[in-house]
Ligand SMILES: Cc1cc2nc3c(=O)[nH]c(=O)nc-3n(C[C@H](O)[C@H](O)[C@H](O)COP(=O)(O)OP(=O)(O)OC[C@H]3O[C@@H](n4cnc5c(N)ncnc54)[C@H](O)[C@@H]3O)c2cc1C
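Below you will find one chain, with nothing else, as structure tokens; this is the form predicted on its own, and questions on how it binds or moves follow later.
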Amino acid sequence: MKIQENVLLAPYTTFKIGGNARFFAQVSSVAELEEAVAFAKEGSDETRHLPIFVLGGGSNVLISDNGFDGLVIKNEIMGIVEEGERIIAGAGENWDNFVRYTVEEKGLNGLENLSAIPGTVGAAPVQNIGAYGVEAKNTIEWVEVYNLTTRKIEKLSNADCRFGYRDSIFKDERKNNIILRVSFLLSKNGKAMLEYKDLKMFFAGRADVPSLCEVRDAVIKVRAGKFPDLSKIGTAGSFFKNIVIPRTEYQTLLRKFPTAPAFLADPSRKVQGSTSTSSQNSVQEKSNDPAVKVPTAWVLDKVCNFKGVRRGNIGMFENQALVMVNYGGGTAREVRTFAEEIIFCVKQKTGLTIYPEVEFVG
């Protein structure tokens, strides 16, 4: 394991943005991870007590133009262990390759709707990634972590992870835990989730039930029509979270925007776009006022008209208003300035607050 200095981080992110890491290490084992952590915690007077940032596939981060004044650990811990319908994967495994393996080689149900999401296995529980009606928390059994405080390996159950909408314990306590492996409990006889609108349309007219491989292929094709080619355009994917508000507030929104779509949200989801201070960041438990999800993409497209809008080197993708892209040469400052403009527009026109899904680093 080698500690490098002044490593440009932009090439390690899908946004293709970011300055230098003061120190950088690629680790492929727990032993190498421990060595890197020791360097940051117990090094010379110059390096002792360095902040640590763990980088996976770099697909959901915006790194500052000033970089990261600490140690960036690139997690490349690999390996897949099979225990029947339980599949345990190293945090450094490529996410989509892992999904392909579970679907095409093992015929296991559970992850097919999460196909073609950039990143690594280790990022799945951090973000509780989700797409087309499925979230990672639906299949995660436990997460193995290296606790930076105790310097020991621990195993956190699904409940321990406190999963929420694009949220988990790792968001708040990421500085304390580095994910090593994730255990997924899948199924040989599970039923594919085809209720999401895009998949319903894709399979419209089919009398038979699509196979898992067909569902995976459909998800890949649908995503290809909405998201840019990462080999050509930089992006961190969906830049903002969807809006989750009480149904009563959605009724108020409908008076101004009668065609605003909404879907019943998971009861555990936090209300994040609410105009009511008292209901922000609270769980909706009243059955007579459940939380609903309003697609932020619809608001950005139909209300604020941001689809395809460009600001210098940065813009919102022409095929999906929720996706911010770097056309080349973009900076973190440009991204944040444009994001602030978008947030202000949504607030001004709807009274709702939207929140970034992308993590800001540095």
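All figures in this text were calculated on a predicted structure; none of them were measured in a lab. Heads up: residue numbers just count along the shown sequence, starting at 1.
This next part talks about the form predicted together with this ligand, which is not shown.
Q: Tell me, please, which stretch of 205 to 213, 103 to 111, 127 to 135, 78 to 86 lies within 4.5 angstroms of this ligand in the model of the complex when heavy atoms are compared?
A: Looking at the other structure, the answer is 127 to 135.
Q: Is it true that F53, A91 and A236, all three, sit within 4.5 Å of this ligand in the model of the complex, judged by heavy atoms?
A: Judged in the model of the complex, F53, A91 and A236 all sit within 4.5 Å of this ligand.
Q: Heavy atom within 4.5 Å of this ligand in the model of the complex: which of Y250, F98, W142, F227 fits that? Just give me the one.
A: None of the other options qualify; the answer is F227.
Q: Determine whether any heavy atom of M316 comes within 4.5 Å of a heavy atom of this ligand in the model of the complex, and answer yes or no.
A: Taking the distances in the model of the complex, the answer for M316 is no, it never comes within 4.5 Å of this ligand.
Q: Give a yes or no for N177: in the model of the complex, does one of its heavy atoms lie within 4.5 Å of a heavy atom belonging to this ligand?
A: Contact with this ligand, yes.
Q: Does any heavy atom of K221 come within 4.5 Å of a heavy atom of this ligand in the model of the complex?
A: Close contact is absent here: in the model of the complex, K221 is far from this ligand, nothing within 4.5 Å, heavy atoms only.
Q: So in the model of the complex, is this ligand close enough to S64 to count as touching (4.5 Å, heavy atoms)?
A: No - in the model of the complex, heavy atoms of S64 and this ligand never come within 4.5 Å of each other.
Q: Just to make sure I understand: among 133 to 163, which residues lie within 4.5 Å of this ligand in the model of the complex, judging by heavy atoms?
A: Heavy-atom contacts to this ligand in the model of the complex: nothing from 133 to 163.
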